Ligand SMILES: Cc1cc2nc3c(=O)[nH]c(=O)nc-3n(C[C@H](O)[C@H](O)[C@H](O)COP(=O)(O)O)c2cc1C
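Only one chain is shown below, in structure tokens, and it's the form predicted on its own.
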């Protein structure tokens, strides 16, 4: 079995079942001091052997990515009762792909990406939410969505999977099925694990 294809298939099923996790993942990153943090991100594309995520370089998660001390992505589809833990090579996505995909982002997200350039880095403190919403209102008045371009800080990550731990909870006897898939560059091999 190809676990990446299984993830895509489960994602399609989760979408049909209106699973709120169908288009998100959880990315854990460790900083230079080994301090781990987890964040929820939109999981964009699943293709061949890799997963695409978009983020802003002003975010603390970008710093953690650059420090490169450790990462893992978790995908959980509650509607199909399957969890995937994905690890592998994490690298910056080609900027042309980011710019092209940015055009498909929701309008609010585009304005938010533009706010970072004017108001401050992602996760930086402000005195009130009102400051943020006012700034976005100003941008809506001064910027035309049709001509907006992705700000320079918009970027993305590509996670090329070489290890996927699959936990299948679809067993009435509560004895879950857990398998570890590893990729050697040509094929996936699997081992059954004690859940």
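Residue numbers count along the first chain shown, from 1. For clarity, every value in this text was computed on a predicted model and none was experimentally measured.
Same protein, other form: the form predicted in complex with the named molecule, not shown, and the subject of what follows.
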**Prompt:** Out of 53-61, 66-74, 159-167, 131-139, where are the residues with a heavy atom within 4.5 Å of the named molecule in the predicted complex?
**Reply:** 53-61
**Request:** Sort through 36, 150, 41, 46 and report the residue having a heavy atom within 4.5 Å of the named molecule in the predicted complex.
**Result:** 41
**Request:** Taking 4.5 Å between heavy atoms as the contact cutoff, choose which of 109, 79, 101, 122 touches the named molecule in the predicted complex.
**Result:** 122
**Item:** Non-hydrogen atom contact residue 180 with the named molecule in the predicted complex at 4.5 angstroms
**Value:** no
**Item:** Residues from 8-25 in contact with the named molecule (non-hydrogen atom within 4.5 Å) in the predicted complex
**Value:** 24
